[in-house]
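The chain below stands alone and is given in structure tokens; this is the form predicted on its own.
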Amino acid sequence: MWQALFEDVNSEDFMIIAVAEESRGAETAREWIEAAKPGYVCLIDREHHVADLYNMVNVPQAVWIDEQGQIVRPAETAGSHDGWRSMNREDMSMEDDVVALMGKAQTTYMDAVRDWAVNGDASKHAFDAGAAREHLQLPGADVALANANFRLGAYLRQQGNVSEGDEFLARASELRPESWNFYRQAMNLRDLGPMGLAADEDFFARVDALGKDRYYPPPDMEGFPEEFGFEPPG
């Protein structure tokens, strides 16, 4: 997806920088990067500095930054859609209409990035400075404390202090429950095996608890589908 976009606009003054927020580092991220064979820059952020700097709470999220280093669009969901929540959890299958809805979300976002890459400030998807500030969600004291707890927990685990590390990781999620990054990385550090999230019933219970709230809040973008594509539990 991102490689195709990069190839489409590589004659423009445009660069994609992909960052894997991966607490286990190259051990788990490298194979996915190598399989994708990207022509753009890919980094592995083991300590989640990028997520801290841009106040990211999930993946994939994107930030648009112009040639002057100014944020054009703050952190937002990068084309993903909540339709995945309707999947059959036994075989991971989804209805065709839900798959189509998810595809529409992805295409809409990619087309918007392409339009901005080609047209710059003239793109209808580029926020001016005022709109960018309005969409910016600044972290508060609890977020800073949560980030510190998460980083300390991951470090302690890396040093072999598993139980103590898990206490700090749990505290990070308590302080910042909206951060799916914290929750999923804590599960990843527990090494759930090849099925990953699909093997963790607690994850789906947490997702179901969202009800009509979104796992992937839709970006404020013309043409982006708002539909869930399914009826949430309860």
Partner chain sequence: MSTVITEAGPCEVAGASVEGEQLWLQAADAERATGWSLKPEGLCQGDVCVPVPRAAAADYVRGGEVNMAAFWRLLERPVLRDHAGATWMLGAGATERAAALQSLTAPDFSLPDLSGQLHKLSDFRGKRVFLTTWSSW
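These numbers were taken from a predicted model, which means no experiment stands behind them. Positions refer to the first chain, counted from 1.
Keep in mind that the form predicted together with the partner chain is missing from the display, and what follows is about it.
Shown alone here, E201 lies farther than 4.5 Å from the partner chain in the predicted complex, counting heavy atoms only.
Looking at V41, you'd find a heavy atom of it within 4.5 angstroms of the partner chain in the predicted complex.
Taking non-hydrogen atoms only, G103 never approaches the partner chain to within 4.5 angstroms in the predicted complex. For R30, a non-hydrogen atom is located within 4.5 Å of the partner chain in the predicted complex, even though that partner is not displayed. Against the partner chain in the predicted complex, the set N58, I71 and V118 is in full contact: each member has a heavy atom within 4.5 Å. In the predicted complex, the residues of 34 to 56 lying within 4.5 Å of the partner chain by at least one heavy atom are, in order, E34, V41, C42, L43, I44, D45, H48, H49, V50, D52, L53, Y54, N55, M56.
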